[in-house]
Ligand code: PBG
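Quick heads-up: it's one chain on its own, the form predicted alone, in structure tokens.
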Amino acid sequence: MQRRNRILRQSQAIRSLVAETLITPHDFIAPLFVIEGKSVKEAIASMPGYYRFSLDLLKEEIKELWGLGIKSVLLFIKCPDALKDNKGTEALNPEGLMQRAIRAVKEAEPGMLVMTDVALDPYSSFGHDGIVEGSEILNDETVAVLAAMSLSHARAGADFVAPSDMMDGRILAIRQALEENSFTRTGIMSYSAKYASCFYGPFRDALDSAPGFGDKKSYQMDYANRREAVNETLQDVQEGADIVMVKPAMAYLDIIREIKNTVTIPVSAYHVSGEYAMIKAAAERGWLNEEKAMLESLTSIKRAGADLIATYFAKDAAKLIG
């Protein structure tokens, strides 16, 4: 033989030396769920090992994440039912839970990059990402609220707003609102290719944001489509997105690579709640090794082309690889 490929696999030292894809804590965005109250750390049944935090405990979590080398968080809030309506009014409250959570993170660790979820479903009495009229999700009326919500988050100190709604034209509207109000340093991480996926179930449990009727297929993408993801992403780039996202991740590695090969701005991927829960459930039953499955999954997402990975495994992975 003139060529023996196994030479480069024969020890951990050589495997480490020639590894093509490496993950570090700096690759991770840690999603965090925030709830009203004090000293509240509330378990999420469908997401073993994951919690909702009140603001005081959120600060402690931020300090721990920062100590592990995680430099970015993505905030979601659980809005009390009494404050929900069809227009997402509470989303614009300058003293709302999201706005207070942004300030709490910055108080705990000023250097932490704060990204915020921008969508109406946590605030909607219908559980949809937009204003409802009859059985229709209104696009343009919703976009106006999303732009105002983004501006409210920027005023509270958010570094990036992350619109997850999939309404048409919302990136341009958000960028214009930020520019017109002198928030020229606030970034936009757009959920550009967000599919209508069954893998979001545990997340909706976490925020009590499941749709009250129908589904989200009239605005989230058909999982059968690939070219559509490229078109959506290119439009978001043209409208002013700074980072684009593919969601979910594991069942969409081909889409991540397609987007990575198409755009020149950073690409993020969301390793979603259902993907997290599947690994957790299988590990609990002894069917696979949780740590190995976690690291292999995260590495595959980065190998596919993701520059950033939003994952519920952020803390656990950082402890292993830090």
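It should be emphasised that the depicted structure is a prediction, and the values quoted were computed from it without experimental measurement. The first residue of the shown sequence is 1; numbering continues from there.
Not on display, but discussed next: the form predicted together with this ligand.
Enquirer: Can you pick the stretch from 284 to 292, 267 to 275, 38 to 46, 253 to 261 whose heavy atoms fall within 4.5 Å of this ligand in the model of the complex?
Expert: That would be stretch 267 to 275.
Enquirer: Does this ligand get within 4.5 angstroms of any non-hydrogen atom of D121 in the model of the complex?
Expert: Yes, D121 lies within 4.5 Å of this ligand in the model of the complex.
Enquirer: Whether Y223 contacts this ligand in the model of the complex should be assessed with a 4.5 Å heavy atom distance threshold; does it?
Expert: Output for Y223 is no: heavy atoms all beyond 4.5 Å of this ligand.
Enquirer: Is F76 a contact residue for this ligand in the model of the complex, using a 4.5 Å heavy atom cut-off?
Expert: Judged by the heavy-atom cut-off of 4.5 Å, F76 is in contact with this ligand in the model of the complex.
Enquirer: Looking at the partner-bound form in the model of the complex, is D236 within 4.5 Å of this ligand by any heavy atom?
Expert: Flag for D236 set to no.
Enquirer: Flag this candidate site as yes only if F28, K106 and D159 all have a heavy atom within 4.5 Å of this ligand in the model of the complex; otherwise mark no.
Expert: No.
Enquirer: Can you name the residues of 161 to 180 that have a non-hydrogen atom within 4.5 angstroms of this ligand in the model of the complex?
Expert: Stretch hits: a single one, S164.
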